[in-house]
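Quick setup: one chain, the form predicted alone, written in structure tokens, and binding and motion questions come after.
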């Protein structure tokens, strides 16, 4: 696809050179939202290396199943982005109340663990409560009644914050094993900047009520969520993309020269641009810059992430009605598993269901065959399936980078890189462009804002 007002010229070597006002690297939700906001106003090119738009928010099809890159759900909180997303989906969505569980010690607990201790074995529950009350008393003594939160000094680390907040029992049984399984990085080196939106912190009464009472309110940012009814999460990316004249799939940027304002494509063409929006992984983006200062290269080399493998399964029913589960114990090879067909029945053929299982590594590959065999056994043990013969379709997907690692190196590197990008007039946005832990609506929001910044300069 080519936008009508992009000029196509030959350079001195006879190679094609495209000219545009704004180059957007990456056609995920952030890049698509930026293009959506620029459409019909100024020329732009979205360069997406894959043959489809959406990035990790795309949906792939196999044997009648719609498989996402893990459980991608919409949690809408900002009026502008909420209105736009619902407008684009045009009624093609479900609004669901979360049904998530924690699977451990042969039991199922409602999520979050720290507010739902009642179903634990008595000895474990007592340990969790006893240590939680110790931590709560200590926190109250230090803060004179102010509740601890994730707003902690940069010098603090996750393992210490978690023990001060939840106590050693809750940490030993869930918080530490689950989050290490997820991040694959020492938790005494992980900073706490990412915690506030994503880790519920119930107060003393709420923890006690969840342990001995009938339970209370639901906790967390995802107590309800929106999911496309048909087409998987990729339906949203497709709606963004369908009228974008400047979207080019199969177009890969391999280098950028900020002095000449040109980008080199894999097919040897060049793009001449005035403005640049990056949504590709920040460390990769820095690596393809020509004449990058050594201190910026070094800063980018400090950025870390893990790798997540997703095993999507098509299975014959029956399956439980749960949306997803958390699995902190080592005997489960995956850290999380969900049933996407419980978000929407249209992700699977009639009489079938679709699962996704998530496995994290520090970057190492996994043995698919052994992971599958261990997973099928685990799914049977936790009640997701009754018989391995229910499984009829599978698809492995790889996310790398997956979760950004928040450590002291990131805290040191990002300000240096951000200052250099600002000096060059480059906006680097989205989960990986900004190198952070975020969600899909935020990617859309940042894309719209990046486009607005460029439009202001055009006035």
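Model, not experiment: these values are computed from the prediction. Numbering follows the first chain given and starts at 1.
What comes next is about the form predicted together with a small molecule, which is not displayed.
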item: Interface segment, criterion being heavy atoms within 4.5 Å of the small molecule in the predicted bound form, picked from 128-136, 246-254, 290-298, 365-373; value: 246-254
item: Listed residue that, although the small molecule is not shown, lies within 4.5 Å of it in the predicted bound form (heavy atoms), from 39, 409, 50, 392; value: 50
item: Contact test in the predicted bound form: residue 56 vs the small molecule, heavy atoms, 4.5 Å; value: yes
item: Touches the small molecule in the predicted bound form: residue 323 (any heavy atom, 4.5 Å); value: no
item: Distance check, residue 405 to the small molecule in the predicted bound form, heavy atom within 4.5 Å; value: no
item: Exercise: residue 438 in contact with the small molecule in the predicted bound form, heavy atom 4.5 Å; value: yes
